[in-house]
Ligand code: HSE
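Only one chain is given next, in structure tokens, and it is the form predicted on its own.
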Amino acid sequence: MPERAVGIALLGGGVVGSGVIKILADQRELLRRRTGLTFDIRHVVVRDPKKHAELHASLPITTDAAKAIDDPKVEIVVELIGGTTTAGEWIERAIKHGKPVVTANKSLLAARGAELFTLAKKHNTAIAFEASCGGGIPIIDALSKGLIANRIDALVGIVNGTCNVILTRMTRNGWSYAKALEEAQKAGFAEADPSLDVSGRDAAQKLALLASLAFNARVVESDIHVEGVDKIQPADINFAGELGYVIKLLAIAERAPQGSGFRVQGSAARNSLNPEPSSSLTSMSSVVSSLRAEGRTLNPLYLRVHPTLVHKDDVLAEVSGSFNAISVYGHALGHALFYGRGAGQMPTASAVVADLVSVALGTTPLAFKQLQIFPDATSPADVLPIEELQSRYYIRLMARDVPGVMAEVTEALGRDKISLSAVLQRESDEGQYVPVVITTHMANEGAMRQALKAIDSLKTIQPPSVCLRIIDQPREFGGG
């Protein structure tokens, strides 16, 4: 096999960058035997060289990104600094030089993916981004290659390790959200400023990339209804457990009408990225008719990130700590589960190096040029309003223990055609406020919001009530 050296400019020498350096050094001979390639790191661009003394002394550390990118001996640029400003400028520079880019930057691609992909094709080069979603899990490769023959009907995943660590520790240890977050920060699972993770936005950015590939539609972060984990209370985790569920932060993309063999849910709280819903609900049929009238390709999707009750028998319920898992439902394959480390130095570096190999071998550039699945080549997603979803719900009320309260609650739910499937209530002294937990049969999202508003206005209810959605098991795991 003819051997070839490939020059690399590594932008960023932090956690993931140092992991890439380690793999390329430790596995140099293995990579050479398997691929016929050796990777030479010609530049490592950092902001402050003094902070990177741990890097190998022989590495060419620099602060001059432009010089590193422009070096004619650099064939591939690896961007690992994150963010959407400087990283975007450096990626553009590399692309305009016709150099392929490997990146883990889901924030940048979620915001400017179509623009950067268009620019890359204009300059006859490519962008590889396996490490942007799922850490070391090869989900981008699966969606763009391995599952290319499938019509994807749904994608449901745990894609944020920080939130999964927090929820796992709240569930297992009985901790409050604040304590679980503090411990996650001490252990290095959460940033000093965890807002991107705990708000659900990190998961939404990843879902935007995954859904774009899965559904051949251009999805951006603002298309996605987002709720975080920062309002989750131990009481709801405990009650969910008594009912046979665990609470997980799920990223869900589903084709409508549903064809995946399972039911997924709507939401009870508003997303700061989305406007408040209109008081007059738009019917599914009118949305579809409107899309057709506009002449748009009909590919209506539900897109959301939110805490969800997952049955303990569901495989996603077993995903704990910093692990990620993504369920994909294809018309031919059925259900496939992609599971592994969703973050961390070496898992993410593993994905970066895999992209390096694919780019250097020419596999990624050819696919990038030929496949019409990337956001520059697809139409904007037809996103259905969150109010149209059909869902089962978990509701926790603080109700005064006096006669007639449940009659008032059930009347409010009944007016919006919401039926109860179970009620859980603790004994108490008469007149006290006590938690009452209700689960419902399938109901309309907009109707549930109206019913909750009516319930919280009752004099016997202490608002605000808690409402979470329940996800039903895929049929493969339903015992049938």
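Numbers for residues come from their place in the sequence shown, where the first is 1. These numbers were taken from a predicted model, which means no experiment stands behind them. C-alpha atoms forming the largest set that superposes within 1.5 Å between two forms make up the rigid core.
In what follows, reference is made to the form predicted together with the named molecule, a form of this protein that is not presented.
For the three marked residues, Phe189, Asp197 and Ala343, a heavy atom of each sits within 4.5 Å of the named molecule in the predicted bound form. Out of the listed residues Glu254, Asp202, Glu227, Asp355, Asp202 is the one that sits within 4.5 Å of the named molecule in the predicted bound form by at least one heavy atom. Only one of Ile166, Val305, Val159, Ile139 lies close to the named molecule in the predicted bound form, with a heavy atom inside 4.5 Å, and it is Val159. With the named molecule omitted here, the record of contacts in the predicted bound form names 335-343 of 121-129, 403-411, 335-343, 358-366, defined by a heavy atom within 4.5 Å.
When the named molecule is considered in the predicted bound form, Lys248 lies well away from it, no heavy atom lying within 4.5 Å. Residue Lys106 is the only one in 103-122 with at least one heavy atom within 4.5 Å of the named molecule in the predicted bound form. If you fit the rigid core between this form and the one not shown, you'll see the Cα of Glu242 move by less than 2 angstroms.
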